[in-house]
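In structure tokens, the next block holds one chain alone, the form predicted on its own.
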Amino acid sequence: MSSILLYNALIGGLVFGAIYALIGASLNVMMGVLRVVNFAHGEFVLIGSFLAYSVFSLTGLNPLAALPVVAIAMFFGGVAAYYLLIPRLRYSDDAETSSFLLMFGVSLMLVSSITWIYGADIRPVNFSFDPVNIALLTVEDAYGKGRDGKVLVPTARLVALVINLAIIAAMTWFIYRTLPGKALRGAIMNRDAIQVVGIDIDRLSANAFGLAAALAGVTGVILTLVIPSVDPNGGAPLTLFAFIVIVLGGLGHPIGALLAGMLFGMVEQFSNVLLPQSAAQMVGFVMLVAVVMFKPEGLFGRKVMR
């Protein structure tokens, strides 16, 4: 096997792993603080992708130009959605099940809205950087025939990776080094205890919902650099990946979700290279089943964190 394929799998694992990490971490913040099973999280990501597509198609600008607009719009949209939907769940006998059904309905509504506005066709985002590819390194005798080969990586993927890693670093700093971030961690650990010290749990929950929505939207913008097209029906797979990541990393453990997302991305990409396609698709889910059976609190979670 060519070593170039292994290097490409490594880079692809980092790129997709960073995307999965952000999707999973944003959902984990929402589920950890609010106990809301957001089945519409993939559609939140999709909204960011379609807003980036709109900016590109209308102005011809780099889809990244939509990042600040999407972040702000999704944050305030998430806060508004919280006050509109979530407080009513308090009167339910089983809030988590009710939130699942509620957000499943929101998911269907968002898919219908996106299809109504943009149509049911996949929309291309044909933006390219100059140069299109970057040669990261030269592999000696890459093909086993005395010929060297270059590891070429799309510039858009490298840009997406750098932005993702910067957001992950900023999110880690926010959660562990700022008072609002520490309040979020406290709410994940014990919602009742933090109210004793005077924290407004409703305001904190609304901000957590807005933060999760903003991160999801930003991830959707970055996703257009890695997969240069947007599909109105692409939200469900993203939601599935988000739930896989938080199960692997541990519910209520945002940093665990970041690490689990990177791990899942690496496993997925190396499986695609080393195994037949039919078998490669199973590896990540086999890992998920194994974690649920033998370490149900997640690879990076703790049993006391609930």
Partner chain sequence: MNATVRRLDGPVPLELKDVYAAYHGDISVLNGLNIKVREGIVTGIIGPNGAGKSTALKTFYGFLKVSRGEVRHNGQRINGTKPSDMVGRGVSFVPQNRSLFNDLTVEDNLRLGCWGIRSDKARIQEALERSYEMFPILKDKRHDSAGSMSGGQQRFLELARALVIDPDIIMLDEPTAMLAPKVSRELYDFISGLPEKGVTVVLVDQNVRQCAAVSDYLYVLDLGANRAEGASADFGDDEGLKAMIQEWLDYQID
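Residue numbers count along the first chain shown, from 1. Keep in mind it's a predicted model, so treat the numbers as computed, not measured.
We do not show the form predicted in complex with the partner chain, though everything after this point is about it.
Check your understanding: Here the chain is shown alone; which of 84, 170, 117, 196 has a heavy atom within 4.5 Å of the partner chain in the predicted complex?
Key -> None of the other options qualify; the answer is 196.
Review point. Hey, in the predicted complex, does residue 73 get a heavy atom within 4.5 angstroms of the partner chain?
Key: No, residue 73 is distant from the partner.
Practice item. Answer yes if any heavy atom of residue 186 is within 4.5 Å of a heavy atom of the partner chain in the predicted complex; otherwise answer no. Key: Yes, contact at 4.5 Å.
Point to revise | Exercise: residue 180 in contact with the partner chain in the predicted complex, heavy atom 4.5 Å | key: Yes - in the predicted complex, heavy atoms of residue 180 and the partner chain come within 4.5 Å of each other.
**Study point:** Contact test in the predicted complex: residue 200 vs the partner chain, heavy atoms, 4.5 Å
**Key:** Answer yes; at least one heavy atom of residue 200 falls within 4.5 Å of the partner chain in the predicted complex.
Point to revise | Contact segment among 214 to 222, 100 to 108, 187 to 195, 73 to 81, judged by heavy atoms lying within 4.5 Å of the partner chain in the predicted complex | key: Looking at the other structure, the answer is 187 to 195.
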